[in-house]
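The chain below stands alone and is given in structure tokens; this is the form predicted on its own.
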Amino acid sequence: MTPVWEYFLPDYISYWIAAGIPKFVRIFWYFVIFELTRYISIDFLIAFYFKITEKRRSKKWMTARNKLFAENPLISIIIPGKNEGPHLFKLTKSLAEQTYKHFELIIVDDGSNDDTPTIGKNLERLGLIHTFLRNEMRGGKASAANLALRYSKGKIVVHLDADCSFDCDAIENIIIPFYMDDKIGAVGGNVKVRNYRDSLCAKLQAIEYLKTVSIGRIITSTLGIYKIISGAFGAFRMDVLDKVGGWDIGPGLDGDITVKIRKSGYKTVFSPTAICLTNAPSKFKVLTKQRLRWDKSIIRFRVRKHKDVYFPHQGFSWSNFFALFENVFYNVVLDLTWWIYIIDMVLNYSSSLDFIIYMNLTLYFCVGFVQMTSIYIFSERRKEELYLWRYLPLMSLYTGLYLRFVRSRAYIDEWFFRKSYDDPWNPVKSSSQAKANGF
């Protein structure tokens, strides 16, 4: 006799109940083996670990904070960029409200063709920034950051993007970890989307940032495999930057310098309470260009430039191996595996494709809500971020299809054609030099 509750279930749910667990696992092996482990099991294990170690971490944090304010070191805040003039006054206002006050502010204009030079010089004249520098000819973001580095006098360098704003304790919270462990060479801030109400594109990115940055980087930092200090908000020891030679030509310079620091024997950690708000692309056309650039850098830097971390040598480190392996595996390898999964379904289960598609959407829908629960546990903006929950049903299409197609195209372009060297994000002369030197 059929149970009463089955009459209220959609046909595709009833179909999979009748199919049984072995067939379910065979059909949805990609979800069960990879997605469920990656996004649910690990997330909640780390959340549980954070909860039981909260008191110990809080005590260690306060001890480090006391050391920071007792020493009160000079911090160099550098902001390299092109055509960032309209953002500069808001940025200086945000930084003036910081709880940590002992810093110098250095802005580098990388060959802007708007009124950025006039705005920057006026801010310097009014004493709102300490130093304004300009590259008359554009050299790229790495060139501008390295120029700022030459003028920096601080013990710690904080690299910011000009279009960001910060919680009032953000600078303090990104510096404190340096006083918790002498082996920490760089600290990443927690970047969230500020303009999430502007468009659907921005809303989906806001959810993505919560998952991959706010939670994802807590996890990798806790596991000791944190591998990217965001250029929007990252802090570095000056002596460590000198040792690794500053930034190399990008795109992908954020992840590149993080790997260089790790390979030099230093730890990189994430500070979830150092909150930075940034504007994400509000149109999918602009977002596609951004993600193509980001995804090409995985092949260029993590597969080619730093391939030595995968092989035994005198300076080999298992933590560096797993940091890069995790990134390449969950992005490049699983992207290829997903296509294999699609081919498997089409060739072997074409008659059940409608049931498979509906069930996949349901599984990812449920996982999205479970993930947001773990995000809710960590978040300091719970009321604001509740607004995003209504858009969770669209995330399976956004991350599972849109971003996957973009990644696949980027990997092919970079693997076979090295398209990153043609990206207009860098001036031609810089990309040509990078290509010649194998960067």
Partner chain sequence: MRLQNVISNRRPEFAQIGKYQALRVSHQGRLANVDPNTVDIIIVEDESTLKAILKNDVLYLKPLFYIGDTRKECDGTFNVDAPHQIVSKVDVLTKAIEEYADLDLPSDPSDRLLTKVLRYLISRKKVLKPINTRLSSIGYSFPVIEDMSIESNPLHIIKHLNAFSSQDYFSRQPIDKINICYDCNSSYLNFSECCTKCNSLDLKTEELVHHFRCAYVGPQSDFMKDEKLICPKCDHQLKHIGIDYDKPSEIHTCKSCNHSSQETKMKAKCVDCCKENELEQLVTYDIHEYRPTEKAVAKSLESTKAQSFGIQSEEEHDLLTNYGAFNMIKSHEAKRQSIANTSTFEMIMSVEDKILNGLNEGMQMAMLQELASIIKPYLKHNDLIALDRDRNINVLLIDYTSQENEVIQDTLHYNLNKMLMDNGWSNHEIISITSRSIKE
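Residue numbers count along the first chain shown, from 1. Only a predicted model underlies this, so the values are computations on that prediction, with no experimental measurement involved.
The following text describes the form predicted in complex with the partner chain, which does not appear among the structures shown.
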Original post:
Between the options 90, 134, 155, 267, which residue brings a heavy atom to within 4.5 Å of the partner chain in the model of the complex?
Top reply: 134
Subject >> Contact assignment for the partner chain in the model of the complex, among 124, 335, 169, 208, heavy atom within 4.5 Å >> reply: 124
**OP:** Look at the candidate spot formed by 69, 275 and 381 and say whether the partner chain comes within 4.5 Å of a heavy atom in all three of them in the model of the complex.
**Re:** no
Original post:
Does residue 146 make contact with the partner chain in the model of the complex, using a 4.5 Å heavy atom cut-off?
Top reply: yes
Subject >> Heavy atom of residue 100 within 4.5 Å of the partner chain in the model of the complex >> reply: no
**OP:** Please check if residue 429 has a heavy atom lying within 4.5 Å of any heavy atom of the partner chain in the model of the complex.
**Re:** yes
Original post:
With a 4.5 Å heavy atom cut-off, would you call residue 142 a contact of the partner chain in the model of the complex?
Top reply: yes
Original post:
Out of 211 to 219, 194 to 202, 116 to 124, 78 to 86, where are the residues with a heavy atom within 4.5 Å of the partner chain in the model of the complex?
Top reply: 116 to 124
Original post:
If you look in the model of the complex, which residues in 228 to 247 sit within 4.5 Å of the partner chain (heavy atoms)?
Top reply: 245, 246, 247
